[in-house]
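Below sits a lone chain in structure tokens, taken as the form predicted alone.
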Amino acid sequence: MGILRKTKNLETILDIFRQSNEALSANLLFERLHERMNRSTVYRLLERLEDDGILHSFASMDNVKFYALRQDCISSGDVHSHPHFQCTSCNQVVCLEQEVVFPTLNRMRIEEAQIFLKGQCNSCLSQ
């Protein structure tokens, strides 16, 4: 974990995540930035934020990398112990608040687990 310098670009990205109730891909983040920041800066900052434990990432149903604030997610030690959900209609991606309990395995330590669910969100079901 490195030391984060608080730059204007870093604060801008963190503000977008704080205001969002969904996980964001680099492309979605770039769209919300309205070209106020170049792509290489966005990717570099996302990588730094993930390395420093502020964001976590996971792959969507299209194998696109999404990011979410770690503080909003349940975690069990170093393992993300919550599922992620993507709506097949509107493509919204969110962290779910259910915790998944991993089994204790003899002589094995789980370092990473990803549970990804897809279906329709409540908004799309209501339409």
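All figures in this text were calculated on a predicted structure; none of them were measured in a lab. Throughout, we count residues from 1 along the sequence that is shown.
Here the subject shifts to the form predicted in complex with another copy of the chain, a form of this protein not shown in this document.
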Just checking whether S40 would be counted as a contact of another copy of the chain in the model of the complex - the rule being heavy atoms within 4.5 angstroms. no
Given that another copy of the chain is not shown alongside this chain, does S60 nevertheless sit within 4.5 Å of it in the model of the complex, heavy atom to heavy atom? yes
Contact label in the model of the complex: I16 to another copy of the chain, heavy atom within 4.5 Å: no
Non-hydrogen atom contact A26 with another copy of the chain in the model of the complex at 4.5 angstroms: no
In the model of the complex, does each of F85, E111 and L117 have a heavy atom within 4.5 Å of another copy of the chain? yes
